[in-house]
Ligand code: PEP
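Before any questions on how it binds or moves, here is one chain, the form predicted on its own, in structure tokens.
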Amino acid sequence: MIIVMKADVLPESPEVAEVVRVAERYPNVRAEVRKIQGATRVLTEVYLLGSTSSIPLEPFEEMAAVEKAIRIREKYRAIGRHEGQVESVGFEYNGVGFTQDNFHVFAGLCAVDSPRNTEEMFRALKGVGLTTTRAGAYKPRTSPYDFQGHGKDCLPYVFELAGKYSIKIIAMEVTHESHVDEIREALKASGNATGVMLQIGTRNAQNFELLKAVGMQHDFPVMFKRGMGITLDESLNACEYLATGGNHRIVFCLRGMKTNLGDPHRNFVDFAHVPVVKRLTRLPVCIDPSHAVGKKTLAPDGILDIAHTTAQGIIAGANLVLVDFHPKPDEALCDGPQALLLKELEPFLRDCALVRKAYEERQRLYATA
């Protein structure tokens, strides 16, 4: 059961203490208080755990500070919408808001390779007004002989350049909990020149100890990439590990599934699941067309497969696009064949804006139908 408090009732308030006191009068029940810092307001929820099936809703619904009492019918207790009964408030980080209604593009380097290319990338982003990017320092690879990323050695110049070019958030994968500490220390040394959204990559989608560690820290939001060969349900349960640790600032990223049914693309594109994830959970939803398609291929209509796939996700309501660009893809140490050129950045963003506008017009159409 979830007890949702009214707007801006804080966890430490006497009203919340009273809810906990009443809840714990029932045998074999304990209460957990959660504070969710949304994009526009604070939401306090009290989770009743244990033998709750016989607990009546009325004692809680009659409390003046309670907005609603919800009997959980879905398995995603912390991230679920519970048949639309729970509000998706999103979150804000470093001045950027993330909800199921807004839209951002994280364009950048799949892997940081040199200060020169990083600066050229960030300069291009500033030129088109983007303040969100991707830049991989830690890169888990299929082969142990492939480039694994520069790790903490590149963080000082990445964060310095991000500050120089007004980058507010960098999506950056971590593969071990020690990487979180390295990022935190490097950011502090830079004077917190930028912000980082920790990325749980597809290969770590069921690394439960990493999920617990990242979920227990509250400094950074998290982008979780769907596991490449597991079900959507298994991936959403992995996000429950993050949320039950106390970190509710989560973005769910669809990046394609590992199956030969998607050939000749790198992965089978799963962007039809955008509205499904938004219906089942409170999480903003991201798409990664670069890793779904895996290479730059031009369709007969003159449009890249990556651009077509991006449009499919946006028209379905995606809130973020995570996409690879590189100043010189032939020099890239990771996934160069799928990286778009800097000269393609401005047209790509215009295309995204065009499709996003079409999605918003579709919303209005169905709202009045």
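Start at 1 and count along the sequence shown; that's the residue number. The model shown is predicted, which means the values in this text are computed figures rather than measured ones.
The next section is about a form of this same protein that is not shown, the form predicted together with this ligand.
**Q** Where, among 145 to 153, 273 to 281, 199 to 207, 121 to 129, do residues come within 4.5 Å of this ligand in the predicted complex by heavy atom distance?
**A** That would be 199 to 207.
**Q** So this ligand isn't shown here. In the predicted complex, which residue out of 249, 104, 225, 179 has a non-hydrogen atom within 4.5 Å of it?
**A** By the 4.5 Å criterion, the partner-contacting residue is 225.
**Q** Pick from 139, 184, 295, 81: which residue has any heavy atom within 4.5 angstroms of this ligand in the predicted complex?
**A** Here the answer is residue option 139.
**Q** Answer yes if any heavy atom of residue 173 is within 4.5 Å of a heavy atom of this ligand in the predicted complex; otherwise answer no.
**A** Heavy-atom contact with this ligand at 4.5 Å: present for residue 173.
**Q** Check residue 161 for me: does it contact this ligand in the predicted complex (non-hydrogen atoms, 4.5 angstroms)?
**A** No, no contact at 4.5 Å.
**Q** Even though the partner isn't displayed, in the predicted complex is residue 169 close enough to this ligand, meaning a heavy atom within 4.5 Å?
**A** Result no; residue 169 lies far from this ligand in the predicted complex.
**Q** Answer for residue 110 alone: is it within 4.5 Å of this ligand in the predicted complex, judged on heavy atom distances?
**A** Residue 110: contacts this ligand in the predicted complex.
**Q** May I ask you to list the residues of 268 to 301 that have any heavy atom within 4.5 angstroms of this ligand in the predicted complex, in sequence order?
**A** Heavy-atom contacts within 4.5 Å come from 288, 291.
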